[in-house]
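Only one chain is shown below, in structure tokens, and it's the form predicted on its own.
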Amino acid sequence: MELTQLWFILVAFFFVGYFVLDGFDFGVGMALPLLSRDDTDRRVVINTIGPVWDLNETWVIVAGAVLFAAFPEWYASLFSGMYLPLLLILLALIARGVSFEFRHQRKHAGWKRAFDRMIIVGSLAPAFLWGLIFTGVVQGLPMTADHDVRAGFTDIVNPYTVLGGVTLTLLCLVHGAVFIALKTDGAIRTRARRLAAGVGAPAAAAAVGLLVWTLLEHRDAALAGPALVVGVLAALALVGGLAANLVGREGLAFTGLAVTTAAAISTLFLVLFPTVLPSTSGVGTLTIDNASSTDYTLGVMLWVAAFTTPLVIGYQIWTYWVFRRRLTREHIASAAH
């Protein structure tokens, strides 16, 4: 396997990890007003991701760094062409992080409500915009022969990319609701399972529609066959996860939604390969060959990745194990005293 192919896989791996982990974080934030009846409920919901949200978000930093180092031309064209949605994502993530840290600093109801809104918007906006961006990359952008993106509003926002944004948003919401059900007990757990079941049907419809549209548009892709297999896996995992949620098997439901997200994002990478950013102008298409760094750079970075990636994964597993217990309203009440 060539180094460029291996690094394409690593870029996909880190983005898949990000969407699986921070995806249910987004869902928890979006579910905040749907599951909470009072401030104690809101604290329970927020505390389900309190110890892990910043660790989950680290994956996008690593993914961006890997993309910059391994495929600088891809990074430059993507960030210039998608500058506005990426800037909005950054601002939303900042607002969300600030809210987690400052919400509890004062007991004033208005203060908390303001930060709650920031959590909701800071979760909803990135989920939708990431779906918009990734489907926009798969669809392609107008570029010059020098790989300069010349994209207008309709090149980024159109029916296909909007469907991508809606699909990722709904999948994150379902995944977040299942995670809340897995991490809580009592009335919030029941409401979370009910929310996941209610949003599950439109999420499945949107996901199937997006996958079918994507596979039909890229039926001549080099990896169209594997993409079809992984796309079917995403659909089956979603059905299995929703079924597990209905019978109260939150662990299986969470795993099913994680596989769904991972397989759906992997399908997008599979239909791209060996292209990394298609050009709709007929010139300037970026591939793993003309967008990559030198073999020497890729080789050195491979040793770094081989050492650091297991440490990141190990620390992530350890953190989730430490904070594995369920939360209840009683835990919040006792902590307040």
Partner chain sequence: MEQIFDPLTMARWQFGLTTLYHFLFVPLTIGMALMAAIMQTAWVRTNKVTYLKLTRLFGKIFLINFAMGVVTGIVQEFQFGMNWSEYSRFVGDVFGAPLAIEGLAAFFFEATFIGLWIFGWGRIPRLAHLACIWVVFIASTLSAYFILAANAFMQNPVGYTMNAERGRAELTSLWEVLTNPVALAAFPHTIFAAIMFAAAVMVAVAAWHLRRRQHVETMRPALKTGLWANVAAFAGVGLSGDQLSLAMVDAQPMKMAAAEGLYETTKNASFSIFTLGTPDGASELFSIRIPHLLSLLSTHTLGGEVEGINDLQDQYVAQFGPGEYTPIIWITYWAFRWMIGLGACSALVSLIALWFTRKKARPLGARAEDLKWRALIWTAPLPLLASLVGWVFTEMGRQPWIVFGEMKTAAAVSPTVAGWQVAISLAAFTLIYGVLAVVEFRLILKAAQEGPPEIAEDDDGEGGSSADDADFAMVY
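Numbering follows the first chain given and starts at 1. Just so we're clear, the structure is a prediction, and the values are computed from it rather than from any experiment.
Form predicted together with the partner chain: not shown, discussed below.
Contact of residue 134 with the partner chain in the predicted bound form (heavy atom, 4.5 Å): The answer is no: residue 134 has no heavy atom within 4.5 Å of the partner chain.
Close approach of residue 80 to the partner chain in the predicted bound form, 4.5 Å, heavy atom: Heavy-atom contact with the partner chain at 4.5 Å: present for residue 80.
Residue 50 within 4.5 Å of the partner chain in the predicted bound form, heavy atoms: Contact check for residue 50: yes, within 4.5 Å of the partner chain in the predicted bound form.
Contact test in the predicted bound form: residue 46 vs the partner chain, heavy atoms, 4.5 Å: So residue 46 counts as contacting the partner chain.
Proximity to the partner chain in the predicted bound form, single hit among 219, 117, 249, 106 (heavy atom within 4.5 Å): Exactly one residue meets the criterion: 106.
Selected contact from 242, 93, 223, 211, since only one has a non-hydrogen atom within 4.5 angstroms of the partner chain in the predicted bound form: Result of the distance check: 93.
Answer range among 195-203, 232-240, 72-80, 255-263 for contact with the partner chain, defined in the predicted bound form as heavy atoms within 4.5 Å: Among the candidates, contact is made by 72-80.
Residues of stretch 54-89 in contact with the partner chain in the predicted bound form (4.5 Å, non-hydrogen atom): Contacting residues: 54, 55, 57, 58, 59, 60, 61, 62, 64, 65, 66, 68, 69, 72, 73, 75, 76, 77, 79, 80, 83, 84, 86, 87.
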